[in-house]
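Shown below, as structure tokens, is a lone chain in the form predicted alone; questions about how it binds or moves come after it.
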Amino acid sequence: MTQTAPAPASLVGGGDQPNLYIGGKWVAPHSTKRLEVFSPATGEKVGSAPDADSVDVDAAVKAARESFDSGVWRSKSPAERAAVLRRAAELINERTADITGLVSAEMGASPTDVATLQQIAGTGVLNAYADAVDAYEWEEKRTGLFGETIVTREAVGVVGAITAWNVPLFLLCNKLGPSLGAGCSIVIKPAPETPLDANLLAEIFTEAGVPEGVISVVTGGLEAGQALVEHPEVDKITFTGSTAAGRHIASRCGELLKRCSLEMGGKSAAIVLEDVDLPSSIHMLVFSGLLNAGQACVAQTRVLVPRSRHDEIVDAMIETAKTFTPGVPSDPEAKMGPIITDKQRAKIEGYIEKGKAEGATAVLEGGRPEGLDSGYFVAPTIFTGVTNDMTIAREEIFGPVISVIAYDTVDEAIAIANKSDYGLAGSVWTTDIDRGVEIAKQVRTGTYGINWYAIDPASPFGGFKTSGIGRENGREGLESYLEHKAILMPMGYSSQT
């Protein structure tokens, strides 16, 4: 049996978190196993958390189900729920130092990267979801074959949210925002590599006004994730992570007739046109491939360049990539953080060797930088001579590796961009914006940028093909947590009379 336990003395900066946050209370876990968390930048232990088992997950889901069925949250007005989301965003900003310090300790990113790639993005989606909740048409009247019908939108129920480790703060906000905005109760299962910040964020949402029982966090690994997907009282799974894991989750949700939305991998192509203004574009072009040390599903890691300007563009890319110097979070000169684990670093290095073995040329091969032996660092690598059928052009490396592919015509470039199992993001680089829009409409991806790439919090984000199912952000993201109900009025009835 789980027992109510005292809160940790502090969640700031990591530390050992002995208990689970179940339904707004600290609860002693059933599991005796622990997740040990080490900084990928220094190798030092930064904390630990319970490795929850199926019994712990069951307790969290039961708390969520009870709170949902009671109506304590879903019966609040949309305006009230939106106000709580906005207040949570304010509290996150008020606790910037605490949050960036904790996330930086977990994943090794600099406080600046955490602030720009995660906190600004995370609070942005919370405010955008609040706007969507306020603007949404929760009830409407339609006239059809049988007369008047009332169409309502209602919360889907209990949500199980499984997140990845690469941008944990942002991903948590992008699950909490729409689920809470819709009126759902939620059980969060953060990645085992970055479990600590989820508890702090859950406490912030509780402080913002989310009632007891609505939010739970089950830190854990495979057992906890499987238990959450399989639990009969979970109505929807929302997942961000690898395509392989997403396929398995989709299969189980299909068998269980459980709703799911999946945001998975990418192998995005940046199409550079002949008219590109290279001096103004080169930094953003390279950054789009190397952001978060390449550990981003939207990273523009296939750079398609016109053969007529190939050498010029590659030379500029090399010089720019050299400025992305790896370093620990405390180093003000560092421009790139570590790889999350030694296993992932070895996987990236294996892809680099595979690229050379298949005939590509590493015109920049960063390798393991000197003086950073305690962490899992890899400096940027750029390949030329890449063809679209090579492994490094087809598979998601999730590291700072960019493949340059030459093309002769724009139609060929579009075909190369589309010849991928993935379809999450992409970009085009040109001085002709109208032409850029035309190209964007021909590339089969869920999001696209012209002369840069970003995820807009008010616009739909998600993938084509194996990059996922469903959309996050904006009205579309909110709708994925809702059910639609039609209430047929008596024949001949009219609310106008």
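Residue numbers run from 1 along the displayed sequence. As the structure is a prediction and not an experimental result, all values here were calculated from the model.
Below: the form predicted in complex with a small molecule, not depicted.
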(message) Would all three of I162, P192 and T240 be in contact with the small molecule in the model of the complex, where contact means some heavy atom lies within 4.5 Å?
(response) yes
(request) Have a look at 258-266, 361-369, 176-184, 76-84 and name the one stretch with heavy atoms inside 4.5 Å of the small molecule in the model of the complex. (result) 258-266
(message) When the contact criterion is heavy atoms within 4.5 Å, does F461 count as touching the small molecule in the model of the complex?
(response) yes
(request) Spell out, yes or no, whether the shortest heavy atom distance between H248 and the small molecule in the model of the complex is within 4.5 Å. (result) yes
(request) Would you please decide whether E396 lies within 4.5 angstroms of the small molecule in the model of the complex, comparing each non-hydrogen atom pair? (result) yes
(message) Since only the chain is shown here, I'm wondering whether N127 would be in contact with the small molecule in the model of the complex (any heavy atom pair within 4.5 Å).
(response) no
(request) May I ask you to choose, among V210, A321, L424, L169, the residue with a heavy atom within 4.5 Å of the small molecule in the model of the complex? (result) L424
(message) Using a 4.5 Å heavy atom cut-off, which residue among T384, T206, S110, Q226 comes into contact with the small molecule in the model of the complex?
(response) Q226
